[in-house]
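Just one chain follows, in the form predicted on its own, and it is written as structure tokens.
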Amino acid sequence: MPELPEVETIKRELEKAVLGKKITKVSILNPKVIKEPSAEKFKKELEGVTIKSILRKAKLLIFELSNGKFLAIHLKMTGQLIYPGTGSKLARVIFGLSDGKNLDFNDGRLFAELRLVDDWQKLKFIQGLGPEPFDLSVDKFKEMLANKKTKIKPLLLDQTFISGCGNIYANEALFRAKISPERPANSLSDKEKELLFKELKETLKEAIAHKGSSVDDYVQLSGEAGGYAKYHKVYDREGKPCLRCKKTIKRITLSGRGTYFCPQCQI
């Protein structure tokens, strides 16, 4: 699933590519990705409107439109936005734009969601989100962890606790902070909490700078892969030597998610 760095990358690229352009035509090739309103109303209310701004909240993209409505796009596991669109077999909705080019919404497995709403902030998904790492102070982060007995890795993936961070960057930040993913959150010292907070934000910033990690279906708006995967220190490196101590990287499952760590460096 695209995480905060991937969605932020797409948001910045959309701002350069489609901001201020009019949606002239909406071609719905598979209505299953449209969760609200009906496909017919979705098409009718989008055609002829201008894209005023592009917002991002956690892993959600939001188009502010000239008719006062908002197009909310949740890419989930397999969603992609491609510009200029090529009309590939994965295209589910094609947005024709006033520049004569298309913005394709692709989704190979139909997991992604499109919603046209009056107020994106009232979406159930949005109302349940915790704060993003960049919106927190270190003191607030420490306070949030203080009474949590949950293992730290699953806690970082809990979007109601802290939003935007997913599996890749939780693995990477914990490695950089030298903290075992199995540690209960409330067992971390203040120093460890401070280091984890710093490394979580630094990891996300670096991933954004390299336009995200293409390890599954994520691609940039151009269709090109993101460049951060080659900088991963533990994620998807099971059986390979730790880049710090040469011990073999292990993989376990925590809360149903693959978890990569160094058994010697992370304690």
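Counting begins at 1, following the sequence as shown. Quick caveat, the model's predicted, so the values are computed rather than measured.
We do not show the form predicted together with the DNA, though everything after this point is about it.
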For the chain seen here without its partner, which of 173 to 181, 190 to 198, 107 to 115, 133 to 141 has a heavy atom within 4.5 Å of the DNA in the predicted complex?
-> 107 to 115
Would you mind picking the one in L55, A209, V215, L29 that has a heavy atom within 4.5 Å of the DNA in the predicted complex?
-> V215
Contact residue in the predicted complex, from L97, L90, I82, I94 (heavy atom within 4.5 Å of the DNA) = L90
Touches the DNA in the predicted complex: Y228 (any heavy atom, 4.5 Å) = no
The DNA contact at G258 in the predicted complex, heavy atom, 4.5 Å | yes
Non-hydrogen atom contact T86 with the DNA in the predicted complex at 4.5 angstroms = no
Is there any non-hydrogen atom of N167 lying within 4.5 Å of the DNA in the predicted complex?
-> yes
Does each of K69, K101 and W120 have at least one heavy atom within 4.5 Å of the DNA in the predicted complex?
-> no
Note that the DNA is not shown here; using its position in the predicted complex, name the residues of 46 to 78 with a heavy atom within 4.5 Å of it, in sequence order.
-> K59, H74, K76, M77
